[in-house]
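A single chain, nothing else alongside it, follows as structure tokens in the form predicted on its own.
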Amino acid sequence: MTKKFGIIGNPIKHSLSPLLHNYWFDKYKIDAKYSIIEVQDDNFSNVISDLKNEKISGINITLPYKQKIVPHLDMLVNDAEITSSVNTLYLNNNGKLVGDNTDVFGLQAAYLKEVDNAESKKALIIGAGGVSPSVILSLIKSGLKNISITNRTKEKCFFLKNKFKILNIVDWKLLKEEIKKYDILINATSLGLKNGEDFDFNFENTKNNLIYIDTIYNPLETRTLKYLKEKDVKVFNGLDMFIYQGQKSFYLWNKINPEIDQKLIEILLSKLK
């Protein structure tokens, strides 16, 4: 019987997760299908029911549901327990609905392993939404001790500071001026997403040795990333993080660590041009 997997989020049509996982199912000859699952008005009842009844074998969660899904689960494990942010669901051997987080691994594997002398670096996270707790934890795990956050709605920053005492809060109105103080900037907002809003200023005042990480992968180059790239800043888009978090989700569901081969990367890139 064909196993079913899928992803929920809003907006979700831009997601490449079906392409990623179906490529691996085909490569490893697993009888399974991964698709986009429509969820309306934060109503998770059908998805939860299908998981518990084993009609669906696994679910990925993307914005804006990474935290909203938590009250519907039986337990959180690993990084999800620390962040209260979930992107992977499955049923364990005891029939409990488990929420895990592979975003932290995705960030570390894709980018942060390349940061030298992390303990001396200053990082600013732009955005306090669903992926932000994962960004914070990945920075902490990578050895950073000076981490700041800013968000248009300041209250969300205070919520995160209650969870991660290490955080400093920067006023959103000061963002244009403040960016010059940091070695690492991470865009954890949806600003720059295809057909969406963008930052209303250029990132002119930055350090020459800045590392800029955008969690967005569609488009491959947001306006800000392209602008900084032209200034010879070291930039990363969200594609590698997306692939690595998906790799770990695949392992959690299938106990196979899938290969990230060149053919897969070429297929993904062809969909983003």
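Because the structure is a prediction, the values reported are computed rather than measured. Don't overthink the numbering: it's just position in the shown sequence, from 1.
One more form of this protein, predicted together with a small molecule, exists but is not displayed; see below.
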Please name which of the stretches 93 to 101, 123 to 131, 70 to 78, 110 to 118 has residues with heavy atoms lying within 4.5 Å of the small molecule in the predicted complex. 123 to 131
Quick check on A188: any heavy atom within 4.5 Å of the small molecule in the predicted complex? yes
Given that the partner is absent here, does S85 sit within 4.5 Å of the small molecule in the predicted complex, heavy atoms only? no
Is it the case that T153, even though its partner is missing from this view, gets within 4.5 Å of the small molecule in the predicted complex, heavy atoms only? yes
With a 4.5 Å heavy atom cut-off, would you call E197 a contact of the small molecule in the predicted complex? yes
So which of L210, I30, I56, L63 reaches within 4.5 angstroms of the small molecule in the predicted complex, heavy atom to heavy atom? L63
